[in-house]
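Consider the single chain below, provided in structure tokens and representing the form predicted alone.
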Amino acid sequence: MLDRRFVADNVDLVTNNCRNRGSSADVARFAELDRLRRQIQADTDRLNQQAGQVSKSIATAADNAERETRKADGRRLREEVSALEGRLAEITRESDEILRAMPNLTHPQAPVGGEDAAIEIRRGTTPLPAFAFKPLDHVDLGAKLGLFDFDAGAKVAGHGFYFLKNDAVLLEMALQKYAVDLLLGENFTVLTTPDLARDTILEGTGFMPRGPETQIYSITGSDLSLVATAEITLGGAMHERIFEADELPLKLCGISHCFRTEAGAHGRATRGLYRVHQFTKVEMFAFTLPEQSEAMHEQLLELECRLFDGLGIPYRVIDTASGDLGGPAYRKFDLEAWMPGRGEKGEWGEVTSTSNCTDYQARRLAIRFKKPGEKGTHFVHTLNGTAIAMSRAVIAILENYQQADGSVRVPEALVPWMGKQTLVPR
């Protein structure tokens, strides 16, 4: 979340940022409540000091009558303090609720507007494919190749779940190994993460675990929810950690299942694997000093580009507009891969994203660092980036590498793990 004092001192700036981000957080109300909070806190401190002085003076009272008078004064002061503390708790609760609903500040170079205001920064090294035939989408290709069973997935868990079969299983495992090997070479610590996290950890990373608009699967009767991304567990792993400055940056790579309700999703984008309720992902996460985070953001983006250039997948890099940013993100870049089977002539589809969340998540999760020879601590910056989301990478590979006879070539980078160069119809 944002710094409380910063918001109170910069109401116009934060209000404008909320407007650009599509947030309805009432910044003016927060500022009013914060002013009241500080005043009541000052009054409480003053009365507590007076009560302390009265308490000490009881022993020096001249007689019993004066002693009883001072005791009565002490009781009155404590009652006033109790009333103020109750009011303070109400004000703090309301102001905290508003503060936690405010999105992060926005990078000055990020485009302002909704989804359509996003800017294409550049394209990958692989050109768009030129087919001498009408390309199929991944669902039809999967049927020919025996790769998926959507009907069985729906029987077992409902629409949006699926079984991977045969070569699709090998393809997902190959993609995981491909991504992990590259990240190990870049000094990431690799972990598998829990599929569940406490709601406090979800809230700390900026996710809304409960409520009508959530995309999170919650476990009834507990404070646990299924994670939508390993960003939640990787960030939460350092909850309340205090780093030494020379321990940063710390780069983690997490392999996890991801669960999303995708409430409200509809249309062609829900066909097949593109928007599903469960998928496997290799996620990058970094903890940095504040002055390191912009460079780390560029590094995470370059790693995503290397992964998809290495797979020979055409993509473009998008600078996400303010109104399309998630609450914690200061700036976000998306990779959109070319998916020839989508629409009449093919379409771009998001396959990865990377976000610099500055100190927004660290404030919620109390993740700090200290500098040698200095008193006190500072909040770290956190960043996340998708290395590979398996379901969408599989779509991009099948649709871009399909052949006229219905077979699909395996990207050269994955052949060592697949043990074959071509997927053939069954």
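So that the term is clear: the rigid core is the largest set of C-alpha atoms that superpose within 1.5 Å between two forms. Just so it is clear, the structure is predicted and the values come from calculations on it, not from any experiment. Numbering starts at 1 and follows the sequence shown.
The same protein also exists as the form predicted together with the RNA; that form is not shown, yet it is the one meant from here on.
For the residues K165, K177, R316, R75, the 4.5 Å heavy atom test against the RNA in the model of the complex is passed only by R75. Using a 4.5 Å cutoff between non-hydrogen atoms, I242 counts as a contact of the RNA in the model of the complex.
A residue is said to contact a partner when one of its heavy atoms sits within 4.5 Å of a partner heavy atom; A42 meets this definition for the RNA in the model of the complex. Interface residue remark: R271 is not counted as part of the site for the RNA in the model of the complex, having no heavy atom within 4.5 Å. Not displayed here, the RNA is kept clear of H159 by more than 4.5 Å at the level of heavy atoms in the model of the complex.
Annotated contact segment (heavy atom within 4.5 Å of the RNA in the model of the complex): 31-39, selected among 31-39, 353-361, 382-390, 396-404.
For the three marked residues, S55, I58 and K370, a heavy atom of each sits within 4.5 Å of the RNA in the model of the complex. Shown without its partner, the chain has no residue in segment 277-303 with a non-hydrogen atom within 4.5 angstroms of the RNA in the model of the complex. A118: CA moves less than 2 Å between this form and the one not shown after rigid-core fitting. Relative to the superposed rigid core, G74 undergoes a CA displacement of at least 2 Å between this form and the one not shown.
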